[in-house]
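Presented below, as structure tokens, is a lone chain in the form predicted alone.
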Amino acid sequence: MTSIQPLRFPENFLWGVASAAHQNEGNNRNNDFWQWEQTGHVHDGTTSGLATDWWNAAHRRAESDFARAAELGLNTLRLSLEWSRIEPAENRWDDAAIDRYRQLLGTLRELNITPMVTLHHFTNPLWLAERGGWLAADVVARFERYTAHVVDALGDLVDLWCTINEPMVYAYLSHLVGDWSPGRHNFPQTFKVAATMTLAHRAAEQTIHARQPHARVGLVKNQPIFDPLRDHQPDKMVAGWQETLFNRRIFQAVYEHRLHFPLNFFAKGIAAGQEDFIGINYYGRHTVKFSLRAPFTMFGEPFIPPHAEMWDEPWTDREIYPHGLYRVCMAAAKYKKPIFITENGLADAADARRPRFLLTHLAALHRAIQAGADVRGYYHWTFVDNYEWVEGWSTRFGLIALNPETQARTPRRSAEMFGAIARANAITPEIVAEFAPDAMDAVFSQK
């Protein structure tokens, strides 16, 4: 073991956790997701309720969780702002909501934790949803105005901004397969929403830079791997379609300023901008084969390869595939911009597979850095078990276990391990031996 060299990360690397307002704050009653929960759309029948109770200032649960993160050695935390709190009715701003966000961001600053702030993480104010949400004619102007208000109010505490989280995930789940509000099944609307969110990103980026010239601004894109089952033209074709439409088109629009089919059917063009980083969310690989039974996924039907390690319910078609993180980083590296892994994690209530998952994915990330990818930070999803959209409380992503009824927190072993990595700014043989000894070869192999 003594001959194995640690995998050291760059100096000033950011080690953190990611979260979202609706999943953490609790009682977000004024957005479309809260309304969606109340009408029987959550798989386990639960509602978000208090979530992790980060909003109630008197309880100070957010502040306590932030302090735990600092004690572990984490130096950054990604959170989002809830538009429906800040603008609860059209053209009405809530100063008390801004004050609470100032408290949260100020606490992070006091703990020497760099905040990364997301302006839109899936939820829409009810007043906007009633106007059509991301199909409303003036939604880009409304988002730009919201961005300006937020930056003017909070910009002294934040200089690392994500505009929109996972536009294709939102468009796909809300307007194609109908799992999220408003529950549509409309292919043209799906790409109209994606195109509109891309334009809203550009408007927000320009607004932020006009007010904060030195701010760092980027878009967050979920980057699944789509691989064909066989070296067979139909399988390769559908995997290519999925990769192009789900991943490549957004990157081309934002980082190459080019709109291609089908986004160009819904937007005339996108202006050149000043993206300062690329945000990547990565959760795994999908192996697909051609099938006429799968029109909503471009005729790519999921297939579970023999001996593949798959996720548990409800994502059983998603493979745990650490090398995919290397692949998406190297693909993004061609844009010559800093990269942040803004989400990566595993739903694992027992914490049985998470240590190995974390170690092997971080080893893949280290290989990408060694190969030239300018990766500046890694955000694990998530810190405390939170409410997982339409999966409810049945999936547990946290480094810290949560009892939603009592709000009791119990750190998992993976929290101790992640803290050890962050404090060392490295994966050491000792860490692997203590937390996942069976991962030793996988972590320190250079393949």
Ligand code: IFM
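So that there is no doubt, residue numbering starts at 1 and follows the sequence shown. Everything numeric here is computed off the predicted structure, so don't read it as measured data.
Only in words, not in the display: the form predicted in complex with the named molecule, which the text now covers.
K.L.:
Please identify, from 165-173, 319-327, 205-213, 250-258, the stretch that has a heavy atom within 4.5 Å of the named molecule in the predicted complex.
P.N.:
Contact criterion met by 165-173 only.
K.L.:
Would you please decide whether Tyr378 lies within 4.5 angstroms of the named molecule in the predicted complex, comparing each non-hydrogen atom pair?
P.N.:
Flag for Tyr378 set to no.
K.L.:
Within 4.5 Å, heavy atoms only: does Glu82 come near the named molecule in the predicted complex?
P.N.:
So Glu82 does not count as contacting the named molecule.
K.L.:
Look up in the predicted complex whether Phe122 has a non-hydrogen atom within 4.5 angstroms of the named molecule, and give yes or no.
P.N.:
Answer yes; at least one heavy atom of Phe122 falls within 4.5 Å of the named molecule in the predicted complex.
K.L.:
Please determine whether Gln242 contacts the named molecule in the predicted complex, using a 4.5 Å cut-off between heavy atoms.
P.N.:
No, no contact at 4.5 Å.
K.L.:
Going by heavy atom distances of 4.5 angstroms or less, which of Trp161, Phe143, Trp134, Tyr283 would be at the interface with the named molecule in the predicted complex?
P.N.:
Result of the distance check: Tyr283.
K.L.:
Just give me the single entry in Asp32, Glu63, Asp53, Glu388 that has a non-hydrogen atom within 4.5 angstroms of the named molecule in the predicted complex.
P.N.:
The residue from Asp32, Glu63, Asp53, Glu388 that makes the contact is Glu388.
K.L.:
Counting only non-hydrogen atoms and a 4.5 Å cut-off, give the residues of 395-413 close to the named molecule in the predicted complex.
P.N.:
Counting only heavy atoms within 4.5 Å of the named molecule in the predicted complex, the single contacting residue of 395-413 is Phe397.
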